[in-house]
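Only one chain comes next, encoded as structure tokens, the form predicted on its own.
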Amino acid sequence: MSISKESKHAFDAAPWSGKTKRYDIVKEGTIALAVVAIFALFLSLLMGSPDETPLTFKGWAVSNPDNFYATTVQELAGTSGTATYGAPYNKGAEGLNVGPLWPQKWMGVTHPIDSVNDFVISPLSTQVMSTEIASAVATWKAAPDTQKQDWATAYDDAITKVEGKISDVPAGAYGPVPALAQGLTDMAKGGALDAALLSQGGFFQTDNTKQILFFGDGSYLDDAGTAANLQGGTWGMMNETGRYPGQAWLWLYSFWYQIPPFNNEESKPIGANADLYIMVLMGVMSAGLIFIPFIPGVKNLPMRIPIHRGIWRQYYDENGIKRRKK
């Protein structure tokens, strides 16, 4: 025979009448903090921490000058990843969408970036330029936009045809573009480009968006990510550089990038918009977890699945509570 819900509630709400033991939570917390601090210090001394060499434009231009040069030409031609990305940087594309939802397009350009001026012309203009480079910059600035586009596009197409090998590019009507690309490459090799891009945000610079985007337009950053197992296909979102463990709690986000159609960038509409689809999917799942107490049927599962009765069996027996039998 089972007791009524009212009696059960009254019993659970009654003051505790069993044994008690003095407990100092401040002392307990202090001891726990000291133990964890000592343990963390010991592991830090034993294992160290990730200390990867920073990526720089100098490192890129020295290790792969052709790729840096070709990327510079893409910035001038408006064909780079940054130039064609869209909001919040420019109007090069409409952005990601999930059905009728276009969040990037709706938010608009909030962090404007002009790949031509921000990545090439402005940095060159901060330097003491040779006569050739100064003449190229002046010619570029004086030319109409259509002429600039014709020069840069023609040179970009020529580089693409020879698969990025600059020395194999045939002569053509490229205007000042080759000189500009060479000037920026030389500037990067000398280490001046890093400082020039960093200074565009003011004296106290904390916004590295432009540098990261420029890196991402070439192969330098992508190659470094592949070497460190940070790509989506290797669960990169939850990895740490080197031999150190990363954020294991991000496995659920990384999981979706391993399965179709999310892992196929050419698959439309989901694969081509995987980032946004996964964000929405995780948002729905998180909302479901948060609102479990309000979802009919789901909120009653703990009462329907009698696992708790086995866990609390001793408590029920000691206090004379009869468990309901089905």
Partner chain sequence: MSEMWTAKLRTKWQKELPIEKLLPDDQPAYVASWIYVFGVLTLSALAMIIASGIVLAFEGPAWYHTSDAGKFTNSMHFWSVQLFFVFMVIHLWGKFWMAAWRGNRFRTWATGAVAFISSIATAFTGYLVQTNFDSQWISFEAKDGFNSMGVGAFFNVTNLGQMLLLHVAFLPLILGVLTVVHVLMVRKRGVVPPIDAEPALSNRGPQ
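Residue numbers count along the first chain shown, from 1. Values in this document were obtained by computation on a predicted structure and should not be read as measured data. What we label the rigid core is the largest C-alpha set whose atoms superpose within 1.5 Å from one form to the other.
If you look for the form predicted in complex with its partner chain, you will not find it shown, but the lines that follow are about it.
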Distance check, Pro178 to its partner chain in the model of the complex, heavy atom within 4.5 Å:
no
In the model of the complex, Ala272 touching its partner chain (heavy atom, 4.5 Å)
no
Answer with yes or no whether Asn208 is in contact with its partner chain in the model of the complex, where contact means some heavy atom within 4.5 Å.
yes
Does any part of Phe255 reach within 4.5 Å of its partner chain in the model of the complex? Heavy atoms only, please.
no
Counting any heavy atom within 4.5 Å as contact, can you tell me which stretch out of 145 to 153, 165 to 173, 124 to 132, 80 to 88 lines its partner chain in the model of the complex?
80 to 88
Suppose contact means any heavy atom within 4.5 Å; which members of 106 to 123 contact its partner chain in the model of the complex?
Met107, Thr110, His111
When the two forms are laid on each other by their rigid core, does Ser63 show a Cα shift of 2 Å or more between this form and the one not shown?
no
